[in-house]
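Just the one chain here, laid out as structure tokens, in the form predicted alone.
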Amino acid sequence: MEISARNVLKGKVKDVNPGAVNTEVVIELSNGVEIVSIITKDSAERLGLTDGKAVYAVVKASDVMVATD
């Protein structure tokens, strides 16, 4: 896989929660940090996402916001 995004994080699917249109995918990274993504139900099915499957979380954004308390 070749991709232009610089933020590619390898992990495993921890949980898949399908809805009527979208699916919530929880990805656990090797350090235990979890990333949650909302993708279309069709995409989740096409990718064959199941618990334990090795995946990449690809983060591509033009803006990153930083906040403090």
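Just so we're clear, the structure is a prediction, and the values are computed from it rather than from any experiment. Numbers for residues come from their place in the sequence shown, where the first is 1. We call the rigid core the largest set of C-alpha positions that still match within 1.5 Å between the two forms.
Omitted here: the form predicted in complex with a further copy of the same chain. The next part is about that form.
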Taking any heavy atom pair closer than or equal to 4.5 Å as contact, tell me whether K14 reaches a further copy of the same chain in the predicted bound form. no
Does any part of G52 reach within 4.5 Å of a further copy of the same chain in the predicted bound form? Heavy atoms only, please. no
Residues in 54 to 69 that come within 4.5 Å of a further copy of the same chain in the predicted bound form by at least one heavy atom, in order, are A54, V55, Y56, A57, V58, V59, K60, A61, S62, D63, V64, M65, V66, A67, T68, D69
Per-residue C-alpha change between this form and the one not shown, A61, threshold 2 Å, rigid core fit: yes
